[in-house]
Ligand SMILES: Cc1cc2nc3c(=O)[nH]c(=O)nc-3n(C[C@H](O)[C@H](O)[C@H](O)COP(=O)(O)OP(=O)(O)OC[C@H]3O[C@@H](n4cnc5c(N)ncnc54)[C@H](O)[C@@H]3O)c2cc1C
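The chain below stands alone, shown as structure tokens; this is the form predicted alone.
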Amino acid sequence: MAEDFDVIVVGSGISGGWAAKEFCEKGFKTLVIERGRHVEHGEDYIGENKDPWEMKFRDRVDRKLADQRYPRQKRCYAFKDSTKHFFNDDVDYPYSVPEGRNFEWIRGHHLGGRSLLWHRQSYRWSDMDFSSNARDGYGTDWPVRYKDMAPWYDYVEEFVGISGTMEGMDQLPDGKFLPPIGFNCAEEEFAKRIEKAFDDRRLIPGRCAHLTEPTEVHMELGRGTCQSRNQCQRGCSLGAYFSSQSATLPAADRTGNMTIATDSIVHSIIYDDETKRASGVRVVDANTMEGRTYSAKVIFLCASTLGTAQVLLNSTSEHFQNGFANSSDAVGRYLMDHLAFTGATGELHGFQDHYYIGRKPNSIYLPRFTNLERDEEDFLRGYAYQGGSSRLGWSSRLSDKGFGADFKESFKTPGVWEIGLEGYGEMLPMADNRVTLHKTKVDKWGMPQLHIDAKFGENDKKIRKAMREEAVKIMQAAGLKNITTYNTEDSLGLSIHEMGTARMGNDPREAVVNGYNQCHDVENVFITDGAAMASSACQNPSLTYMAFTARAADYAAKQMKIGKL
């Protein structure tokens, strides 16, 4: 049975939560469709506050269970016994890749989506990032520039609560920050040494979505100050880090305009040939397998980069025979992820009388310093570093050999300070990196499985090599000892920053959405998650998704009010 709404939002994660909040606050009757189960803020954070000894394997997942049910999800750093209920079972949610290639699709289908699992690092993109495609010719030119996005970054930052420092760097614009979660003593010393050794590099505290001094906006929603427990992926009943559950969904709910349908898998979008618009969506009940439809004036797709691509590709009709709004043939193409899982670690000697209090839920950040004004390297685009430092503890010495009281006593003494730098590089958008629907395989709900075919290009490989080598040079210049490098080649997807598959651009012949995230082919359908990204920059993308979503919702709402949508 069809139900009528003003707006349908598909997905309830970072982007979906923002779309729901914006439309509900503007007075529109809004339906949020989530394919996974309901997760109640606080009550359903079953791993929160558990100590290691309360879990059979000290927060590690039973190896047999992980191997059998979570062979892909187990590669995520946040996959633990206390969090595994927020990850998809790979057996129930299969997809395929070509033989010899990998793409790890890390995901969680439940209310709030990956907003409960994200690492909360939040950085603005710069004018350089929105100009990069035009500068070197890879990818479509973005229809927007930083000046178009700056007010929307301001808007979302004040609501989310981003802690950080003002730095005055063009390549990493400052924002509306709460007080930072600063350095520990080793990081502070490392930053001083880098600044002394390099004119073009500066180590800064990470900018993260944690409340260090909640404002009235945050406290009205029941959100409190971060307690530095660093158990964030378990869910935070304090609402100290930003998630759909802690912020956007409660804000939408208090308007009385939001309806949520969980356990509802969007099968496809319904296209009306007469009006040339979408009239609604077909849904499969995840528990009963029954089908139903919902209708609305406007549809926002926020199902995640690959989830949105799946819905678009499965929405075929006489008018759109190769996928919804796909006259450009760009749907599914230009898939990107950040280049990561390569870098270096080194020891900072000294400070043996220093330790730290609390478990800082934040990183250090070294902003991009290459190819800023012009392309000076043997690769295009650039990279930044994220990392952190801590004193080595007993867990790093499990393979040590010894016996006796002195040997046992030595494990009680903290080890040296270790600092890590992991590169985050920009992956070029390439047409052949794409996702399609598998020709024969379907999942348990009858949805065609995704087939993900992507690989690193030559430019990507050069950046990965440079990130590793330059990390060593930085550490050597800063006087670190025992420097070692690491490099995980089969890491595509593990950054969990997948972007592209329905890219933005001015030309309908080569892009799926315009500068307001509105489909070129169907004016009442918008795509505001990572699928719409035309390039990947090297900064974490979630803050930009939020800004794009709020901006697109504002545009759509104005069009609806004057009767154009």
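All values derive from a computational prediction rather than experimental measurement. A residue's number is simply how far along the shown sequence it sits, counting from 1.
Form predicted together with the named molecule: not shown, discussed below.
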Just one of 192-200, 248-256, 304-312, 138-146 has heavy atoms within 4.5 Å of the named molecule in the predicted bound form; which? 304-312
Interface check vs the named molecule in the predicted bound form: of S115, T342, S163, T83, the one with a heavy atom inside 4.5 Å is S115
Answer with one of S389, Q233, S132, N433: the residue that has a non-hydrogen atom within 4.5 Å of the named molecule in the predicted bound form. Q233
Does the named molecule come within 4.5 Å of any heavy atom of I33 in the predicted bound form? yes
Is the gap between N371 and the named molecule in the predicted bound form 4.5 Å or less for some heavy atom pair? no
Taking 4.5 angstroms as the cut-off for heavy atoms, does Y77 touch the named molecule in the predicted bound form? yes
With the partner left out of view, is H119 within 4.5 angstroms of the named molecule in the predicted bound form by any non-hydrogen atom? yes
